[in-house]
Structure formats: C-alpha cells, structure tokens
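For reference, the chain that follows is the form predicted alone, supplied as structure tokens.
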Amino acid sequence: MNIAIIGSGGREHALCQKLSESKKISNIFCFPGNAGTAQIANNLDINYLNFKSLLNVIKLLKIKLVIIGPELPLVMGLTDFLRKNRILVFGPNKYAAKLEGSKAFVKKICRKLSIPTANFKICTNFQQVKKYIKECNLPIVIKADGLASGKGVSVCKTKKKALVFSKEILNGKFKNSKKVVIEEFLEGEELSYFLVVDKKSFKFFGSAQDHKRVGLKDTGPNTGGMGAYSPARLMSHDLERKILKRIVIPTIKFLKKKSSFTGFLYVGLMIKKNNPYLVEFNVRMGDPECQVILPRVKTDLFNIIYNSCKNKLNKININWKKSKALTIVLCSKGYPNSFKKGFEINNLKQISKSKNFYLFHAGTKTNGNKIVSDGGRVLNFVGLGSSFKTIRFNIIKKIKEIKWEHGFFRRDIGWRVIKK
C-alpha cells in the first residue's frame, strides 16, 4: 500500500521512521517532509492546504491512506475533504478538531460535563478582559483561543503583562484567535496522556512529560517543546482511572452525539495531589512527545493506524518495550523569538544510529548536497535505555559531535524524574 504523511516536523519524521518498518507499506510519501524523511521516503514539496491540488497528487500516486501530522489541516477540515473523495484518512474531522482549534470550545465542554479544569473566563473584547483581570489572583494564565504553534499561552506574574498579552491576541497576533481565555494558575506537574481512537473504542498510546519553557528548570517563554521523556513518572493505574473516568470518557461520549473521532488524542494535564486537571486537548500526536513514544512501541504502527481507520481498533493489542526514552531538541539561536535559517549542519552522517538511538529531523531541508536549518526546532536526539540520567548524558555527547554553532538546547530535560 502507498501511504502519505502530511507535515514536516520531528513528529512526522518519527511517524515516517516507524511506518517504514512495516512490511505492509510499499511507498511512503511526505508532504513536504524534511531532510530526514528524504532519506527513508519520497518528499514532495506541495502546499497541502490547497486541498484540490493535494487530492490530485494523492490520486496520481495511488495513495490509499493519508496520515495527518500537524493541527492546522485538521482544523481546516482536510479529513472531511479527503473522506468525501473516498481516501482513507487517519485524523479527526473538522468538528472533532475543535478540541484543539478552540480553547473556548473545550472550556465550554468542561463546564457542561463538570470536567476538572482551571477556573476561566472567555473574553471577546478588551473591556471584558480588564474587568475580569481586576478580580484575578496572580499569576494569571492568558491563552489565545485558536491555534498559535505552542506560543499562544502566557503565564503572567503581573496584571500589566496579562493586559498587554490579551490586547495582542485581540489585535490579531495569532490569525486564528479572536477570543482570549483567562484562566487561574494551577499549581502542579504537567503530564501528557495519549490515546488512539476510532468510532467504537480507544486505546492507551503512551504517556510523556514535555518541557515547554525555553530555559533551564522550566523558565522563560513557552515554545513548541524543548524535549520530553516517556513514560511520565507520575503515571499510575489509580491516576489513569481518574483521567479516563473524569476527562476522556465524558469528552468522547459528548463528541459522539454530533461527530466521531479517528486519530490520536492528546490529553494535556496538570496533576495536583494525584488528581488530574485538563489543561488542553490536541487532536494529533504531540511534538516532541511523539518522538519518545513511538520508539517504545513494539506493535506495527501501520496495523494500529489502519485498524483505527477501519474501526477495528478493538482487535489490536498495542505492546510496549520496557525501555525508557528521552529526547532533547536542538534549536536555532533566538528561538522561540526571531531566528535565522539556512545554516549548514555538519557531521550528521558521522553520528552513529542504533536501536537505542534515533536522530529525527524537524526544521531541516536539503540544499544541494548540504543539510541546512529551516526552522526554530531543528533536530531531535532520542535515546532509549533503562536510566533517564544515562540516556540524557549519552544524548548530550551526541549533540556535541555536531558542533553546530548556530544552535542551543536545554541540558536539563527530564530534570524532575532524574532529580527524584
């Protein structure tokens, strides 16, 4: 079978690598892919947001299954469009994608279903913002309602900062956001919980802890993710039971009344005194959590995805390696603010890969015979083993082999679990 993967990040390279191990796939096409996927698949630099043009290419290449990696095409309704044209798609439809596309939509569901989450207020104008912020305790969490590439959330320690960021959102800083969601600040520890879902059932698909902040010990502005480890140290059978009963099952039942869900569901949580509070939903694998979860999966990923698309997920057993996994993201200097692209990355071919080490490309592209930087998050170094501390030590050694002067990374990924 010919398949296609939509997207160009580290998540998509990780998906591509795992799927390339399946004997049931003839060819993998990546739209547009990156310098890493180019080594194991066929990259095509096309605009996947031009749905009609994309469909023509899919038909021409006899692609039978499309896996959508990033959130924007899901929110825009690519799944609905392709399904209407009889293409098998792994990814939720436009209605279900509102779980990620609108934080206000999710907050309303939480209120309706009594799902535990931070207290909040949805504001559509600056007067509402000013009035509500006056009543809030510090710090205050300000969120853009729509998609913002991981940069639409700010934990504000002053009311002035909260007002400034809210005004930026309402003035169009993020194209898809016309509302501001103001939340109370929840004390606790973050946990990423993943599921694979079809119309009839769902299955656990790993846990991880992401490191969103750019600086050591989780300081500085939010990013798309500086690193992650899996499994998350907070996971237990008791906590999982609470997550499913209080958050996951009510949400999926609610969606089924108007729609259905096929794809990955990310449940972003804050854990306080062993109780889960919903922070956000994503309707695709997280990035960089995907890069530490997929290497731990023993089951053929194609079988999982294909059976989900056919609503036969309940016939699949998902088996896991005992190994732990950790990833460190190498970023362009200046990220998550302004940064420059196009710098050559040397020595990549000299870095040895093994069953316990992966190098996933994110913001890269080929320029002749060279591989150059093409984004804020550039490379994901992933290690597996029995000790997070040892894995992290070995990854940092690998990063130093590159000697790329235009990049930086966090040396403390996994600091909570390693410290403990």
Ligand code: AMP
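Quick note: we count residues from 1 along the sequence shown, nothing fancier. Keep in mind it's a predicted model, so treat the numbers as computed, not measured.
Omitted from view is the form predicted together with this ligand, to which the following refers.
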Find out whether any non-hydrogen atom of residue 212 is located within 4.5 angstroms of this ligand in the predicted bound form, and reply yes or no.
-> yes
Using a 4.5 Å heavy atom cut-off, state whether residue 185 contacts this ligand in the predicted bound form.
-> yes
So in the predicted bound form, does any heavy atom of residue 222 sit within 4.5 Å of this ligand?
-> yes
Heavy atom to heavy atom, is residue 190 within 4.5 Å of this ligand in the predicted bound form?
-> yes
Of the options 168, 280, 344, 240, which one has a non-hydrogen atom that comes within 4.5 Å of this ligand in the predicted bound form?
-> 280
With this ligand left out of view, which of 118, 133, 195, 72 would have a heavy atom within 4.5 Å of it in the predicted bound form?
-> 118
Flag this candidate site as yes only if 103, 141 and 153 all have a heavy atom within 4.5 Å of this ligand in the predicted bound form; otherwise mark no.
-> yes
Any idea which of 196-204, 141-149, 87-95, 316-324 reaches within 4.5 Å of this ligand in the predicted bound form, heavy atoms considered?
-> 141-149
Across 297-320, the residues having a non-hydrogen atom within 4.5 Å of this ligand in the predicted bound form turn out to be none
